[in-house]
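This document opens with one chain alone, in structure tokens, the form predicted on its own.
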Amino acid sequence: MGLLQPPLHGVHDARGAKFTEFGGWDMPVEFDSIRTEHDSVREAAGIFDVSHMGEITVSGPDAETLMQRLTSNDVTALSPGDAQYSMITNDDGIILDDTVVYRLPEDVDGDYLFIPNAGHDEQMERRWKQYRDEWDLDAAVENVTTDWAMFALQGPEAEDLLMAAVDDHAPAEPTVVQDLRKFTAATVELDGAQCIVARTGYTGEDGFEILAPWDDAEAVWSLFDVQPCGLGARDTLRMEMGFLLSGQDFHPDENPRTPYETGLRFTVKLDTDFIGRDALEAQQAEGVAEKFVGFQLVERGVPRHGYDITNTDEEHIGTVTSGTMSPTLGEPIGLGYVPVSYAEPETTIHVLVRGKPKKAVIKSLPFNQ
């Protein structure tokens, strides 16, 4: 089976993008250079095609119950147009995927939309339907991943760019964009297409994620005369913020982690009843053995995924899950898990770069403060 392609694959190819496989999709990884794209987002704005992300809708009388039992945050706290970051965990509290859950605006069909990571949509669709049937709940679960294109417009100028795009085509709606708070969503007409626009993002900058009907993707994308960005810049931007990457910073089989180990306890609401709740309650009481940390190399080298982390006695204490040369800081940074006794900021560790120990220090996250 070949790789899936976003609706703008040909547009990106004509623009000169380089592509990479990600989650079963052939996605643009770089248009000009990672540094150029990274700096555009930090200093002005950039737009990413993230149509490889999954979209699943859940509707019906028991939709809230189903979402509550299968995600770790409290979906009952959501009003129409609200969104929340959440975890999908197994019975042991291990993260299967992280996701954003939307309580859809009232003028959109359906009750909830959640966003599995690339390549996880079919797995999550099966999980939702399996438990819906097992619990005899009345809820419709639909995988709409190929109904929607998804773009991320990110950067300090993102609001002005989105308002200008709306203003050209639907003059009554700019205030809808201005009024959007962090983690809220609304429907906005862009070039005649009804889009769902949410003030969320993965870069640490202000910005919006735009869900556009698949067939309207090119028209909506072309409204934004701004630096196109690939997954390479998205990775350096998210690493500077200490944001997790599914399959790399956690993996249910290769690197099983709980929300408490990742430092994302705010996604866990133990007063709700969800799969994995009891295991997480026990871990909260006992405490974790390892914590997700950021570190900065103070010797020449760049940490990469899979490199060993040691203490100053050259004893193995962890593994690098993500690493890069930070474009903003101009310093080599990395992420990984270490025993809690090594997790305090300014603790000295070593990272084996090409087999040679390089001195590093633990840093508070995000790096880009």
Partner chain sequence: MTFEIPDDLKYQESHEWVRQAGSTAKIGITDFAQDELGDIVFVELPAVGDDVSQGAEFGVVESIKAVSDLYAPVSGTVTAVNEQVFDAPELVNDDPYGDGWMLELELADESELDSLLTPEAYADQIA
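These numbers were taken from a predicted model, which means no experiment stands behind them. Residue numbers count along the first chain shown, from 1.
Absent from the display: the form predicted in complex with its partner chain. The rest refers to it.
- Not displayed here, its partner chain is approached by residue 325 to within 4.5 Å at the level of heavy atoms in the predicted complex.
- In the predicted complex, residue 35 approaches its partner chain with a heavy atom inside 4.5 Å.
- None of the heavy atoms of residue 15 is located within 4.5 Å of its partner chain in the predicted complex.
- In the predicted complex, its partner chain sits within 4.5 Å of a heavy atom of residue 30.
- The partner is absent here, but in the predicted complex a heavy atom of 236, alone among 236, 89, 145, 99, sits within 4.5 Å of its partner chain.
- The stretch in contact with its partner chain in the predicted complex, judged by heavy atoms within 4.5 Å, is 298 to 306, chosen from 60 to 68, 298 to 306, 44 to 52, 334 to 342.
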